[in-house]
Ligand SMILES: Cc1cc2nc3c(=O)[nH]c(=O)nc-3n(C[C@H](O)[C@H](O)[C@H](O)COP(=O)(O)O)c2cc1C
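Just the one chain here, laid out as structure tokens, in the form predicted alone.
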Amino acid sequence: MIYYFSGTGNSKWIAEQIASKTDDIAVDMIECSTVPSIDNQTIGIVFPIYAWGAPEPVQDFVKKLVGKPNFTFGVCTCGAEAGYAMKKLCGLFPLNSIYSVAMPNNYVIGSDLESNEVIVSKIAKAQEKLKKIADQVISAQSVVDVNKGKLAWIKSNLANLGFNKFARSTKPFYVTGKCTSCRQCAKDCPAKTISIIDGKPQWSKKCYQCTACINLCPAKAIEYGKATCARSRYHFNE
């Protein structure tokens, strides 16, 4: 079984691709209502990197896994570097093989997004890498293929701590007049922090910073402060 967490589709696609190539099943960990048994199974964990760390829901999920699997692997998606995210996740849930796969940037809150040429190139390279990953998973090979990048310890500890403590505020979120009251943002939010009041989204305090609401809004009506107003949006399916 392959469990994934995904905001705008990158990690979902990775999980589904590996599942297809290994004759397995990809499941959204947010949708798991009960704690799954992992006895005698091949277990995969696929997720995006947030500030050189594993997102909170991923950490919470792996802590609940019970049993003795036959083989475990983890794949993280990132713009370029994963830092020590995979190493730290192994401290919560031992992984036999770990990988990082470069995928298009979706963090519109922090910077403008990449060009279509870069996006297409990253996805093409990812497709090639996934073939290799799938073969290694099938043969249960122990592999470490992670691009940690420079200053990995500092990024995955100090920078990640700052991100989780200060950068996950929902206060800057707001909706413009483009909003059509479709409620898609509330459906897409894995933190279930969005409620619809008088036809418009309202954010409570909990936020993973997955950017699903802002990137997946059909009307592009959601902003985060002033910077995102001039930036494009990213959704893997597009």
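Source: prediction; values computed, not measured. Each residue number is its position in the shown sequence, starting from 1.
Below: the form predicted together with this ligand, not depicted.
For F61, is any heavy atom within 4.5 Å of this ligand in the model of the complex, or not?
Contact check for F61: no, nothing within 4.5 Å of this ligand in the model of the complex.
Partner proximity in the model of the complex: F71 to this ligand, non-hydrogen atom cutoff 4.5 Å
Answer no; every heavy atom of F71 is more than 4.5 Å from this ligand in the model of the complex.
Residue-level contact is defined here as any heavy atom of the residue lying within 4.5 Å of this ligand in the model of the complex; does M103 satisfy this criterion?
Result yes; M103 sits at the interface with this ligand in the model of the complex.
Does at least one non-hydrogen atom of M86 fall within 4.5 angstroms of this ligand in the model of the complex?
Heavy-atom contact with this ligand at 4.5 Å: absent for M86.
Taking this ligand in the model of the complex as the reference, which of M29, A26, C185, C210 has a non-hydrogen atom within 4.5 Å?
Contact check passes for C210.
Within 4.5 angstroms, counting heavy atoms, which one of the listed stretches 193-201, 174-182, 61-69, 41-49 is next to this ligand in the model of the complex?
Selected range: 41-49.
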